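Just one chain is shown here, as structure tokens, and it is the form predicted on its own.
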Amino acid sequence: MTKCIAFHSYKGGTGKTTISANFSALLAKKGYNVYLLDLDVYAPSLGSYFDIHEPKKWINDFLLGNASVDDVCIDITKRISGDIKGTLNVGFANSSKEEIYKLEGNVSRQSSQMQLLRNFILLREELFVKKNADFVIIDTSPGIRYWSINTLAVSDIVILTLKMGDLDIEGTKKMAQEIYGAFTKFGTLCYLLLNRGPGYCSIPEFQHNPVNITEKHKGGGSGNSRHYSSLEDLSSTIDIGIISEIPCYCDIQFSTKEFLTGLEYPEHPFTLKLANLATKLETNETYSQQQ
């Protein structure tokens, strides 16, 4: 069993980096050989989770042909807490303006663009073939960008994270229509992960059912709105199945220091949600594309 899983979103701020980091750590805890790659090359942040800010080589270096897989993937298994039965290796992206411009400059040239893509595909294949990876997890840039599209193209499963707001829902719906359909035709599995929904940290008497979502129609006036009566209704509207729904956990969202909640607090409801997601994906217990 080998799987490449990408965490993607229409816009930033949906929690995909927190989810991908904790999800990867929980898979390693289960005994898998996991490689986590930071392909959010415009705003990489995985270094904050593992206190690694100056590796010898970056994923940028591999993509530009200046490093090997061994150079850019760091085994951090012994650096993280918890009873880890497998291994966790992380490849970090360089956030400096100079390095971002260097990649962008190559993307703008068609000949260099093809070489970058070949190196990216090579990275994935070497992790599975030479490094015996069970899972390759990719945290990618939000929206429709060069690296986002290529990440989706090489992934077996795409987990699209979104929050329950009009902008996220409308943007996700548009991407599903314009982008995801092309990948699902060739076997890629796409699922919605609803993150930071209401419920966990709401005052009890003002709690909202997380499935009670209102979508305002453009041009319809303030009184004209659509009400999603269930998660299935929302899934049908976006045309992608829902694999998980995670409430807002204020102790995670407003923490001043990024850390792996999934390992530090194994009984935290956030950890249990991600553990359940891991079980679904490792056993292929996933939902149909259309509900």
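Residue positions are given as counts along the sequence shown, with the first one as 1. These numbers come from a predicted model, not from an experiment.
The next section is about a form of this same protein that is not shown, the form predicted together with a small molecule.
Q: With the partner left out here, check for me: in the predicted bound form, does some heavy atom of residue 14 sit within 4.5 Å of the small molecule?
A: The answer is yes: residue 14 has a heavy atom within 4.5 Å of the small molecule.
Q: Evaluate residue 18 for contact with the small molecule in the predicted bound form, applying a 4.5 angstroms cut-off between non-hydrogen atoms, and reply yes or no.
A: So residue 18 counts as contacting the small molecule.
Q: Do residue 47 and the small molecule come within 4.5 Å of each other in the predicted bound form, heavy atoms counted?
A: Although the small molecule is absent here, residue 47 would stay clear of it in the predicted bound form, with no heavy atoms inside 4.5 Å.
Q: Report yes if any heavy atom of residue 238 sits within 4.5 Å of a heavy atom of the small molecule in the predicted bound form; otherwise report no.
A: No, residue 238 stays farther than 4.5 Å from the small molecule in the predicted bound form.
Q: Counting only heavy atoms and a 4.5 Å cut-off, does the small molecule in the predicted bound form sit next to every one of 175, 179 and 183?
A: No.
Q: 39, 67, 243, 248: which sits within 4.5 Å of the small molecule in the predicted bound form by any heavy atom?
A: Selected option: 248.
Q: Which among 81 to 89, 190 to 198, 119 to 127, 147 to 155 is in contact with the small molecule in the predicted bound form, heavy atoms within 4.5 angstroms?
A: Of the stretches listed, the one contacting the partner is 190 to 198.
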